[in-house]
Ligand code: WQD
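Single chain ahead, written as structure tokens, the form predicted alone.
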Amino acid sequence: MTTTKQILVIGGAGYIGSACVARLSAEGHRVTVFDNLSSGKRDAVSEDAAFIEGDIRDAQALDTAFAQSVPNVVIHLAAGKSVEEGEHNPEKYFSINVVGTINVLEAVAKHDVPHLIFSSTAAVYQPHATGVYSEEDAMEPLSVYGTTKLIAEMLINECVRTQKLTTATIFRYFNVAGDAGLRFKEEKAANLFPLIAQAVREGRGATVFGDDYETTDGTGVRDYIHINDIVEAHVHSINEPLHGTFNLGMNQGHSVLEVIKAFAAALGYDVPYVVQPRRAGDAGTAIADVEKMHTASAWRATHTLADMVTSTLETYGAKN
């Protein structure tokens, strides 16, 4: 039997956050969302959840949200997440991802919240030859975004070490794709799946950033995981609290061209593409070793690449 929890989802109006909120509300948990709506959508938040508008860089607003929601679990998803934007505007990313996380941790400690779930990223890893990453691998980010997330992880772990936080679950997402049934459109998304869907919808070629990587076809290889599988990982961690750092992925990589071909297969016609130079901060290959998560929990990713493609096309109005 699931114990009802008071859950504060910071960044709960965003792509992943709104999907988590819908699922947790359906489970019967009492959920409050805190979001500044810079990229999140108010109408994406479940009607069963309370909503507080605010920014994690505003410590007073956060403190008020904690006081009102009285959480025993906090899910911290709020972040600047574009590798490209972070390279052009590092000050913004340090402000949101580092200072904002400090504010969250201060509120967690002040309000005696026992469990924090934090969304981190594969971008914290130091690239190496195999491109398959376990949680024990060296960390040396290529990007401002990855650096800010790594600092946030370090802050969280120090709060655990100094006993200001009892349980911390750090999930290192690889590449999240697909739709959770909310038809959440990220029109300014920098991620491959919505970019391809938008190109299809607008009748233009998809963009491939770099075709000179050391991969089978020269394009970047990523481990793509369906958003519903990400949501289920959070549900598992709340129902059976996980402590530590865990990769979330499929332990399988697909190149950019393979993904474009998967879109073509779903559409029934070829998807044209144009090649542009590599983006700063992008690695050649990043695949998740998920053995640690499999050992610690019953969670398994179950959705396929085709599931991600189909739901993306339907969401962006690009499917025949």
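Numbers follow the displayed sequence, beginning with 1. All values derive from a computational prediction rather than experimental measurement.
Just so you know, the form predicted in complex with the named molecule exists too; it's not on screen, but the next bit is about it.
Taking the partner from the other structure, the named molecule in the predicted complex has a heavy atom within 4.5 Å of a heavy atom of Thr207. At the 4.5 Å threshold, heavy atoms of Leu142 stay clear of the named molecule in the predicted complex, well away from it. Within this chain, Leu195 lines the site of the named molecule in the predicted complex, having a heavy atom no more than 4.5 Å away. Not displayed here, the named molecule is approached by Val83 to within 4.5 Å at the level of heavy atoms in the predicted complex. Only one listed stretch (134-142, 151-159, 234-242, 116-124) carries heavy atoms within 4.5 Å of the named molecule in the predicted complex, and that stretch is 116-124. The contact with the named molecule in the predicted complex, taken as any heavy atom within 4.5 Å, belongs to Arg279 out of Lys261, Arg57, Lys41, Arg279. The contact with the named molecule in the predicted complex, taken as any heavy atom within 4.5 Å, belongs to Gly220 out of Gly100, Gly220, Pro71, Gly178. Contact annotation for 240-256: a single residue, Val256, has a non-hydrogen atom within 4.5 angstroms of the named molecule in the predicted complex.
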